[in-house]
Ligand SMILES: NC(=O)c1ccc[n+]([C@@H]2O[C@H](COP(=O)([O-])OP(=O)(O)OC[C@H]3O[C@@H](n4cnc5c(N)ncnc54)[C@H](OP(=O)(O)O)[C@@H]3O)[C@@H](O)[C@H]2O)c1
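Below you'll find only one chain, the form predicted alone, shown as structure tokens.
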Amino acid sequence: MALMGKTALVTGATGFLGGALTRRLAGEGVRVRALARQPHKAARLQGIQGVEIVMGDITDAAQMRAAAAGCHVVFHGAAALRGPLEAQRRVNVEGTRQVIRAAAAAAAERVVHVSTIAVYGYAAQGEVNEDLPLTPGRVPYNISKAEGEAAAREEAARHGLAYSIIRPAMIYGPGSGMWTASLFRLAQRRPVIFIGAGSGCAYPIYVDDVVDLMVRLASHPAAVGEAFNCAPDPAPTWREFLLAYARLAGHERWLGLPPLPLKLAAPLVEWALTLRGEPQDVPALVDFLQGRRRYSMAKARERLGWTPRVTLAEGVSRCAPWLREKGLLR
């Protein structure tokens, strides 16, 4: 492994993706400095050989400089996932600036910045590759992550720092609250209730594949200054994804709701969310869930020689022990 013996800072280390990355790096001989903001979450990483836990907030310049000092590589995965736009901007944009500045002050060799396919927005159609302009729409998370990418590029250019950007899709696997636990709760119902036949594309990517590409981006010369999608290509349908979970629960029953009533109700739901300060572009989301676009993995394949390895069937199967441990699967 190219990073063996080096020191890596991982922001967001107590989260789902950051925790998986931290364990992978430590297991392969990398000295990991795991940034944690909340002590009770830091306890998840206690006792892992090769992992040093440091407390800090990515929006605090002094704390970030101290955390990054002596690090060869910085993996920036910390992010705000919800809340009003200005609150998310504070973390996802200004926090990113502090991470990049701290990495530059430490003379780090590379920063790997974790973005998301959400920066393309719900309106993206057909083949979605990394050269397309970002059109995040009106969702605060999508907007702040797109602006966070711009901030990362700007700060890295200003300081002459090498960087790479990864844009993962729906990261699932043991430990995923959204794309495993929540979707399994939906899928175990008899029947699974979803929009229509579930023929629109879903974009589940197994966590180990995302970690693997992050590690590749940290050292590959062709990754410098570039963004890379990390998504299933070709993508399964929502029906295929949800029924893979449903089969763990012992059924394959499906009830498709007619899309029209949902589309008619979407503007009202969006109005309520907007009043709360967290618009989610619900009308566009309803269309997105029924659409069939492709997040192309050609760039990673051609430039880095990398493709996802974990099939949907294998990935869902790997989730079963964790779902049982959590009492969700019996």
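Sequential numbering from 1, following the sequence displayed. A quick note: this is a predicted structure, and the numbers were derived from the prediction, not measured.
If you look for the form predicted in complex with the ligand, you will not find it shown, but the lines that follow are about it.
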Do V91 and the ligand come within 4.5 Å of each other in the model of the complex, heavy atoms counted? yes
Contact between L17 and the ligand in the model of the complex at 4.5 Å, heavy atoms? yes
Quick check on N142: any heavy atom within 4.5 Å of the ligand in the model of the complex? no
Indicate whether G12 is a 4.5 Å heavy atom neighbour of the ligand in the model of the complex. yes
Answer among 73-81, 190-198, 102-110, 243-251 for heavy atoms within 4.5 Å of the ligand in the model of the complex: the stretch 73-81
None of V215, M170, L183, A227 but one has a heavy atom within 4.5 Å of the ligand in the model of the complex; the exception is M170
Using a 4.5 Å heavy atom cut-off, which residue among W179, Y206, W238, Y120 comes into contact with the ligand in the model of the complex? W179
Is every one of S219, A223 and R309 within 4.5 Å of the ligand in the model of the complex, counting heavy atoms? no
Looking in the model of the complex, the residues of 26-43 with a heavy atom no more than 4.5 Å from the ligand, listed in order, are L35, R37, Q38, K41
